[in-house]
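Next up: just one chain, as structure tokens, the form predicted on its own.
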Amino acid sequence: MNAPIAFLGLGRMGLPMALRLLAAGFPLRAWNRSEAARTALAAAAPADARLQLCATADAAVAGTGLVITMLSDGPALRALLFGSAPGPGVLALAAPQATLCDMSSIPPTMAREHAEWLSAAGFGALDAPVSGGVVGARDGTLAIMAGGAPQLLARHAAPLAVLGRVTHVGPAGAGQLAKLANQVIVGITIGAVAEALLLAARGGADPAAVRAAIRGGFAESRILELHGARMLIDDFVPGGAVQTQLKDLATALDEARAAGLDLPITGLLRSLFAAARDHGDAALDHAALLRELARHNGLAPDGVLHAAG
């Protein structure tokens, strides 16, 4: 645990992940574009000698053997690490044979390109996106879907195990494909739960009681458990935001087209999330799809499960 880990990206997910690594004894060099996020990490880990806050990504990466990234999207990651040209980018400053472990959600094609560029320069790459939201990041229960060489994943198993349950799903890019599969299921299930609760409420049933009645049967899911509860009380403080869900569904459709597939249900969900974004809900939790379904039916989006009936 003596060698520091470079951790780049201290947003809603990155901050609690960095805190878990610190609590487990891993020294960190942490960077975020905004000083406010760096300040928030310092406030959450006061006087921790294992934490070094860096004003630049270059300073965080210099001499390290593992670089973990948790950024908003593929373009942000590429601009930060690689600039405009293929090659090792800022990892050229890292220790020999260092590894990039990208835990952001980016297109699989981009993950494969990054792995090729880094391999050619003598570095390793893992694409290891996550599912589980802010709660999973805080509790260390994230589902981590890892693509890349198995031996490379084994080398960095200890810090990743602090963050959640790691599953190797295939070569470079496979982690991102698994995350897209996850997001397709999440998005479609959010839509199903929202429509079901709206149907129950407008038909005159108590939507909370309906949710309780069907839990434990074939309709049970984490979405029904967590997001269904949020829909009942209009709690749309973001864990996973509408805009992030929309980005991932769009990427999934791009990948499907490249594979010669048509995913009509995913396409419909993408259009609904796009409408939610266009109506001003981009920063709300993706459970706020309920609000868009209310609008679609000519209903006011606020308190729709309370007012319906």
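A quick note: this is a predicted structure, and the numbers were derived from the prediction, not measured. So that there is no doubt, residue numbering starts at 1 and follows the sequence shown.
The following text describes the form predicted together with a further copy of the same chain, which does not appear among the structures shown.
- Of the candidate stretches 257-265, 48-56, 274-282, 27-35, only 257-265 has residues with heavy atoms within 4.5 Å of a further copy of the same chain in the model of the complex.
- Highlighted residues 206, 252 and 293: every one comes within 4.5 Å of a further copy of the same chain in the model of the complex, counting any heavy atom.
- Screening 184, 149, 93, 110 for any heavy atom within 4.5 Å of a further copy of the same chain in the model of the complex leaves a single hit, 184.
- Distance criterion of 4.5 Å from any heavy atom to a further copy of the same chain in the model of the complex singles out 145 from the list 137, 145, 77, 98.
- For the chain shown alone, residue 156 is not a contact residue for a further copy of the same chain in the model of the complex, no non-hydrogen atom being within 4.5 angstroms.
- In the model of the complex, a further copy of the same chain stays beyond 4.5 Å of every heavy atom belonging to residue 246.
- Taking the partner from the other structure, a further copy of the same chain in the model of the complex has a heavy atom within 4.5 Å of a heavy atom of residue 171.
- At a distance threshold of 4.5 angstroms between non-hydrogen atoms, residue 199 is in contact with a further copy of the same chain in the model of the complex.
- Residues from 178-193 that approach a further copy of the same chain in the model of the complex with a non-hydrogen atom closer than or equal to 4.5 Å are 178, 180, 181, 182, 184, 185, 186, 188, 189, 191, 192, 193, in the order they occur in the chain.
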